[in-house]
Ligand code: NAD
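Taking the form predicted on its own, here's one chain by itself in structure tokens.
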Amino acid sequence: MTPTSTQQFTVRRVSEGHSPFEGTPAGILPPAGHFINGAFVQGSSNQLLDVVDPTTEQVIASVQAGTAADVDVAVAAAVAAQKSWGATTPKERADVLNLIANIIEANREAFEVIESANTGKPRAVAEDDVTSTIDTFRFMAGASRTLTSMAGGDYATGHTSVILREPVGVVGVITPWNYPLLMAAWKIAPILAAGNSIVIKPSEQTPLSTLKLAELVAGHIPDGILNVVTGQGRTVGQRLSEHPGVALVALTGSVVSGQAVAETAAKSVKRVHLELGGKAPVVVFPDADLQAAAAGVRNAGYWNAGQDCGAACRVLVHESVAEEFTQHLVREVGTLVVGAPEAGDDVEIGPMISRPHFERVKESLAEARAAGLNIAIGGSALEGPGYFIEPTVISSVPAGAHIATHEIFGPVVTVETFSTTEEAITRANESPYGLSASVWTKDSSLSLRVPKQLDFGTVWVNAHLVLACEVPWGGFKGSGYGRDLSLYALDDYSRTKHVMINHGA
């Protein structure tokens, strides 16, 4: 029998008309222009894009709707700045990255408030984002001074070879709405560390923390190495992808966005770095600590309201322990607290980012109901303002069900069963995505053998969604290619040159 819950999670609201910026300094919001060559500029269009607080559905700011002409100006500034920036030493670049980290740390509260207001993130999530952002810049500052490559030597008689790592030039960056500041840092830090300059387009839904970063570093870093053009993907992103002055385009976003960028970039044969979607399987073997696994899914499946490409959203549990595991999971999910970030420090689940995304998640839940799937807990939108979805567990999901194979990107976890290890591996790998997965077992043999057979860029054992700057993050298959974090990111944002010197010349 499939367990069904009567437990209800806690919902916290704030009073109508409450502003997410109450009690904060008046100048906390950044300027609304583009940031080009060290200063904020108006841009070539008078059109503005509204930025909405997803907890109240109220407009909190407006930013410039960038044009192709704005991108051209930013790229020209980046090209000019990169020549001198690329000629600096690793230590000089490391000093700049450490300075950026110090500036963010000194303004931590402002970044946390802005990120929560713009995305609806609970304060604990926003705090973690800012802490991770600071660590990303500090790690890349050190990593930029430790690059290694093939040793120089005489590989052909009478000739000495030297291997150089060079900047690629100007990098166009397109960042998503789910982790606006942190995903910007994952790109900006290694790109600058490798000696490149940047033109970044933040999501039009969440541009505020990136603009705030630009405002605070202005005058402290060389002009032109970091440029921000706000606007929509079909305009600003398209121009970045096709611009002849851009050597590489790095995107974190949806598969559809990645396909569009790769297709456009291919016309000029420019390099592309893609970190796309995911549908992470959580494979729970019968010997696993089921309570620990359920707690792990509670944390990793619902972090940031499930709006995470590595979220633990698809559980594959052995049929012999499926009912017990689901009971644990439903009990864990029933303890989650949903609400606006200002409603309390115990809030864990915020809203969906926008009305369209909210409607897409609701549609996925309606499809599950129409298919007769069991909603063990949650399954509905919350009444009232804001784009809130109940934390949901859908149990006894049959193999191949649509809800278990496509990315929902919300607080929804599905539970399927398997009977053999081979079946678990096959079913986990049938996903079109290949970003991350986890394995839960006390069997040392399984913990070593199964991850090697899973077609995912990151596989955790008895954990999920644990990240560190020292190790790479990136996927296979539909999840894209290229690596964020670690020394591998520096490799992605540099190029290899071989210089061979003839002794006899």
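The first residue of the shown sequence is 1; numbering continues from there. None of the values given here were measured: they were computed from a predicted structure.
Separately, the form predicted in complex with the ligand exists; it is not shown, and the next lines address it.
Answer with one of S132, T421, S257, S364: the residue that has a non-hydrogen atom within 4.5 Å of the ligand in the predicted bound form.
-> Only one listed residue qualifies here, and that residue is S257.
Of P385, G334, G277, G245, which residue is found within 4.5 angstroms of the ligand in the predicted bound form when only non-hydrogen atoms are counted?
-> Filtering the options by heavy-atom distance leaves G277.
Given that the partner is absent here, does P341 sit within 4.5 Å of the ligand in the predicted bound form, heavy atoms only?
-> Contact check for P341: no, nothing within 4.5 Å of the ligand in the predicted bound form.
Would W460 show up as a contact with the ligand in the predicted bound form if we use heavy atoms at 4.5 Å?
-> Close contact is absent here: in the predicted bound form, W460 is far from the ligand, nothing within 4.5 Å, heavy atoms only.
Close approach of W303 to the ligand in the predicted bound form, 4.5 Å, heavy atom | It does not: once the ligand is placed as it appears in the predicted bound form, W303 has no heavy atom within 4.5 Å of it.
The ligand contact in the predicted bound form: G169, any heavy atom under 4.5 Å = No, no contact at 4.5 Å.
Could you tell me which of 277-285, 326-334, 160-168, 215-223 sits within 4.5 Å of the ligand in the predicted bound form, going by non-hydrogen atoms?
-> Only one stretch qualifies here: 277-285.
Within 204-226, the residues that have a heavy atom no more than 4.5 Å from the ligand in the predicted bound form | The one in contact is E204.
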